[in-house]
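Starting off, we have a lone chain in the form predicted alone, written out as structure tokens.
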Amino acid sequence: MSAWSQLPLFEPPADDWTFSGAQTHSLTHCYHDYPARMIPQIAAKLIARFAPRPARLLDPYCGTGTSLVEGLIRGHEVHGTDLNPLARLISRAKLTPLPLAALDTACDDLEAWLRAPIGQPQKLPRGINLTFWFQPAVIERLAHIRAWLDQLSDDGLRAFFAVAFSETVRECSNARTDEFKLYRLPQKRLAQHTPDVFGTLRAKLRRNRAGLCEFLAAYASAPRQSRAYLHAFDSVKGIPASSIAPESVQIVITSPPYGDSHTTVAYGQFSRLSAEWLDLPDAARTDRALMGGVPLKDLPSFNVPALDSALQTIYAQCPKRALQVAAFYADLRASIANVAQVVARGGIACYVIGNRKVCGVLLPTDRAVQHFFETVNFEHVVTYQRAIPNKRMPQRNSPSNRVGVTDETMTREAILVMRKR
């Protein structure tokens, strides 16, 4: 019997997973904002509890790499995949133990470049209405920075500076930074919007360098110097054996999307302006590529009574929205089946899940995920409940898409732990 199957099944009921007031931006976790991130304390606690010895860790929806960073500094071999190219870029930067001497030399070079006269922009984004989203002075300064970025040949350095540039793009744009979807600032606020592009970039670089110093210290003290692997495969379609061999993963730690981008967090819209400036691939099609991006034509049965009932209720109110939501669950089920194939016998899968509302109907994602795993030879170990004090999510949304009609969003999450038989 595998040693992984000898781990304790249950924990004391007083076990706290809320981490209210915890510092969630230590190490390289400070590098870049991103929607609905898993906080590092959750990943760290799950690793300590279910993978105390160095092992192979997988995050099939890794986002900006929170679980991967926490695994890497504890000596695990970490693998992550995400279909959002900006998320992969941020993850790569966060996972790279960049030498400080090389970074400081590059920072000095950049500072000299920023102080030099700004020339005619050589390369500008073409996939967006540039003058709608950026003021002329902002465009010329962003283009000046981008020209310097294009001179960098070292992949690690380029990722580090590109991430700081990405946040600078978003904060200096005409977009509302308190929204994940792309909304332009109202005219009154635009009139007072005079962003300091170079100052913003410098502040991001100072913050990220401090985070890198923390990361380097933690990485140096890891029980072994393991490696991180970032992939771009779609776990819904399959996990290539050339990337991750069958039954080779000891622990999965992940926080899948709460739902499809149409009705929940629009990761592609959040990333769009930065992705265009960085010339990342398929910037306009990211949301459609993610789980549930292509709606179904008919409402299926998932053999989860609470989920099927909820979908039927939504369908009676809005068939189109019900089919969008069902597409997400169909993709999530397919992804879980593929993830199950690479988990070793006795291995653990930890999914951080939020039950959201659509059209006022609560969707039991936790029950659905448990059922999907049980159909592929996993058993339930434990479900931890936590309040959400520090996960950046809107407090209210419009679950019916009717103007003025809002409802509370998620205030709790479930951490579902399953073990492969």
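These numbers were taken from a predicted model, which means no experiment stands behind them. Residues carry their position along the shown sequence, with the first being 1.
Another form, the form predicted together with a small molecule, is not on view; read the next lines as being about it.
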* **Candidate stretches 77-85, 142-150, 176-184, 275-283 - the one whose heavy atoms come within 4.5 Å of the small molecule in the predicted bound form** => 77-85
* **Residue contact check: residue 368 to the small molecule in the predicted bound form, 4.5 Å heavy atom** => no
* Asked: Is the gap between residue 267 and the small molecule in the predicted bound form 4.5 Å or less for some heavy atom pair?
  -> yes
* To do: State yes or no: in the predicted bound form, is some non-hydrogen atom of residue 37 no more than 4.5 angstroms from a non-hydrogen atom of the small molecule?
  => yes
* Tell me, yes or no, whether residue 61 is in contact with the small molecule in the predicted bound form, where a contact means a heavy atom of each within 4.5 Å. => yes
* Structure fact -> Assert contact residue (the small molecule, in the predicted bound form, non-hydrogen atom within 4.5 Å, options 233, 113, 198, 315) equals 233
* Since exactly one of 339, 290, 348, 95 fits, which has a heavy atom within 4.5 Å of the small molecule in the predicted bound form? -> 290
